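Encoded as structure tokens, the following chain is the form predicted on its own, with no partner shown.
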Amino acid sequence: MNTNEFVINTQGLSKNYNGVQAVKSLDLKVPKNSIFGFLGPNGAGKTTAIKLLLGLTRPTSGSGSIFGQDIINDSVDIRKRVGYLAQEPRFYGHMTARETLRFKARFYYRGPAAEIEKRITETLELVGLSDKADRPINTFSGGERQRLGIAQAQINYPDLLILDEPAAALDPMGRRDVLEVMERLQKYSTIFYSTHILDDVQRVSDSVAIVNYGELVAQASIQDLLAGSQGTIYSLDIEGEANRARTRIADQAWVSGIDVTSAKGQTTWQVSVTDDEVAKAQLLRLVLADEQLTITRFGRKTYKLEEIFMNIVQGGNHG
């Protein structure tokens, strides 16, 4: 992937506050049209990193670009193409959702009123608030407020949406609604959002970066991250006498080990491989060469994001 395919690209981006490094040498690469989860425990430096990207604070060292433009020198131009939702958005409770979007839209549009109203109506539909459009915001639930916050960030058709903990304080229904809105918006924008909620990242993200104590400790596509750091492992559930098949598989040059567990007439293999392409093409065929065996499950082993996250964070530097 060349540099032009990254919407956000930082090199050694750092921020110190009174001698404390809030962000340490951050090298972020956010692909175009991705939903990019920026993951880390509370206090890991996520919000500081977002402020650096938006030009709301200046880096102590390092550099960064958004749309190929410098985050310091071109900050005003960048912000014209970015929608931003703060961690705790504030609204005037007596105003309606429609009035709030109308107020925000005036910062961006000078065209005919009918066109502006059309855009507001489209945005309310996009975030699922059409039926609440003319109610005062002080009657909204937490999830409805967050969806209105995303609508407000989206009103200028941004090429990049930056959302700071968009679902952190919500109940499961509110979180689900916000995640669905994010998935709908992906066709229009690149979405970069910070969170500490692992299930949300696993559900909607294409790519993820993990920060801990201000430092980038992992960055990968969600598939690669969930494949684990122990190399590629295929998991098979087998019914029948599998010893001959096991010997045949163990003799393959691309198999580095087989871990076997048995219970209630079913055998489970965890086959470690050194060549994923060959394994994908040949492993199942080689096992099924033994016609007495039945395979009830076959697939590349994946890990829950929680396992990966805890391994990375607990194994990281606490400096």
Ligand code: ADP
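From a predicted model like this one, the values you see are computed outputs, not experimental measurements. Sequential numbering from 1, following the sequence displayed.
Keep in mind that the form predicted in complex with the named molecule is not shown, yet the notes after this line are about it.
Although the partner is absent from this view, residue 305 stays clear of the named molecule in the predicted complex, with no non-hydrogen atom inside 4.5 angstroms. The shortest heavy atom separation between residue 42 and the named molecule in the predicted complex is within 4.5 Å. Taking the partner from the other structure, the named molecule in the predicted complex has no heavy atom within 4.5 Å of any heavy atom of residue 282. Within this chain, residue 22 lines the site of the named molecule in the predicted complex, having a heavy atom no more than 4.5 Å away. The partner is absent here, but in the predicted complex a heavy atom of 47, alone among 267, 272, 65, 47, sits within 4.5 Å of the named molecule. Between 273 to 281, 47 to 55, 288 to 296, 256 to 264, the stretch whose residues reach within 4.5 angstroms of the named molecule in the predicted complex through a non-hydrogen atom is 47 to 55. Contact annotation for 151 to 181: no residue has a non-hydrogen atom within 4.5 angstroms of the named molecule in the predicted complex.
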